[in-house]
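Shown next as structure tokens: one chain only, the form predicted alone.
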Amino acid sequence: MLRSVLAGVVLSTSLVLSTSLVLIGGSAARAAPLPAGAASLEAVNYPGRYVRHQDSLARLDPVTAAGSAQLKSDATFTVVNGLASPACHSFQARNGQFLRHRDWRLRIDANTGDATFRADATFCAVDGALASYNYPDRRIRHRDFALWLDTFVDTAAFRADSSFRITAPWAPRTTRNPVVPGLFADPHLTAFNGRYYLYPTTDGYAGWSGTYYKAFSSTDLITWTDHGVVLDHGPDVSWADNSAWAPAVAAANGRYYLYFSGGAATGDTAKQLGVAVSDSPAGPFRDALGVPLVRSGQFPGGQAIDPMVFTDDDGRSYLYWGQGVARAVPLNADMVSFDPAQVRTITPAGFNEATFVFKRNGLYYLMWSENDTRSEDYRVAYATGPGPLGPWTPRGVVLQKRLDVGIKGPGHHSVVRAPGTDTWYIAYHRFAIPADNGTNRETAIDPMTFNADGTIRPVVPTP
């Protein structure tokens, strides 16, 4: 079994923890990120005993190859983006719940998305142990094989009881999706310079109140590099500190432009659109204007959310956005301005949000999401037309739930063509499997194919 120790005592070629240290909040030293993905946690001083959940409570029990499938599943977690901080980690059980502390006892619970839960379910690697995000002087340790969050005492016994190895998972994942571990939604998938880039909304927040965006990249849509936070509404955007939704990135003028939705946590909470710029598709991005690109109420009707940019073969780019009402406008060459008089309303029947436009073989495709993202009936429909602004001919629903494999609410998608081919993929979010909802969503990618007449064949969403 491949292993790496939090303290760096044993390092594996596939699961390696760097020993470099950074400061979080100027208080305690934190180790560099743990490897994301499925893993099990073995006690250093009790080899063969692993962190597992039993009747929701977390404990340390023996696990062997002869153990039951349920035991192995209970002893397998996915290391994901920290619910309270991307600099730390959360541990998601196979049933979709998260390891958290409550009254200092470690247990698993469903993510409610509020600030207290997110903090209670976030842990930071420090000195070979896992320290609480919101109580940094407390660390996970085992006492009589039960797991507790105890105040750190600098003794050999405490250090031994709070040290764990990250090992290969007892119950390896057998599915391709989700493509990145953790809770991410509204994925914008694109390709730059022969490499795929994925820009999602960071999910798992009550009221979708996340504040930052991450970027991931891949050469094969399977193995992904996490480029970290590329834009954070808190320090990076003066007019928004909340509701970091639905990023979309376009390339022009030798630069990269990230379009995003944002709102304020207090005062005027209406959503607005912004644009940030970077010299690299991996960021970091900076607010290009210092003010919204599309202001709340600037165009009456609907919400100013879910921006998307399509660039035609002639180099002209078009901005699309809206919830309730779909709008489109040609962008100026600077990519950060447009003529308000040219804004058009292009709302198709059934439209709710998440406009996406692409072109194939001279035909333009307008796609969107129907119903509410909290509904299992959230889905994707589309239309075709002769130009980037239509007129549009409805073609029907192309992606919807698949209850036989537990897929609910697939939508808010994007489409990418494999460079130099006629092979296409669709990225979308769905309720996190097995038992989550419209604020705990995960990102999936599946092939998208066409009929001879250019219509899209129904997409089969996969686990």
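Remember, it's a predicted structure, so these values are computed and weren't measured experimentally. So that there is no doubt, residue numbering starts at 1 and follows the sequence shown.
The next section is about a form of this same protein that is not shown, the form predicted in complex with a small molecule.
**Student:** Does residue 305 make contact with the small molecule in the model of the complex, using a 4.5 Å heavy atom cut-off?
**Tutor:** Looking in the model of the complex, residue contacts with the small molecule include residue 305, since a heavy atom lies within 4.5 Å.
**Student:** Does the small molecule get within 4.5 angstroms of any non-hydrogen atom of residue 246 in the model of the complex?
**Tutor:** Answer yes; at least one heavy atom of residue 246 falls within 4.5 Å of the small molecule in the model of the complex.
**Student:** So, in the model of the complex, is residue 259 in contact with the small molecule at a 4.5 angstroms heavy atom limit?
**Tutor:** It does not: once the small molecule is placed as it appears in the model of the complex, residue 259 has no heavy atom within 4.5 Å of it.
**Student:** How about residue 287 - does it come within 4.5 Å of the small molecule in the model of the complex, if we only consider non-hydrogen atoms?
**Tutor:** Because no heavy atom of residue 287 falls inside 4.5 Å of the small molecule in the model of the complex, the answer is no.
**Student:** Note which of 92, 163, 272, 373 lies within 4.5 Å of the small molecule in the model of the complex, where distance is taken over heavy atoms; exactly one does.
**Tutor:** Only one listed residue qualifies here, and that residue is 373.
**Student:** Quick one: of 378, 321, 77, 199, which gets a non-hydrogen atom within 4.5 angstroms of the small molecule in the model of the complex?
**Tutor:** If I apply the 4.5 Å criterion carefully, the residue I get is 378.
**Student:** Within 4.5 angstroms, counting heavy atoms, which one of the listed stretches 356 to 364, 220 to 228, 92 to 100, 238 to 246 is next to the small molecule in the model of the complex?
**Tutor:** After filtering at 4.5 Å, what remains is 238 to 246.
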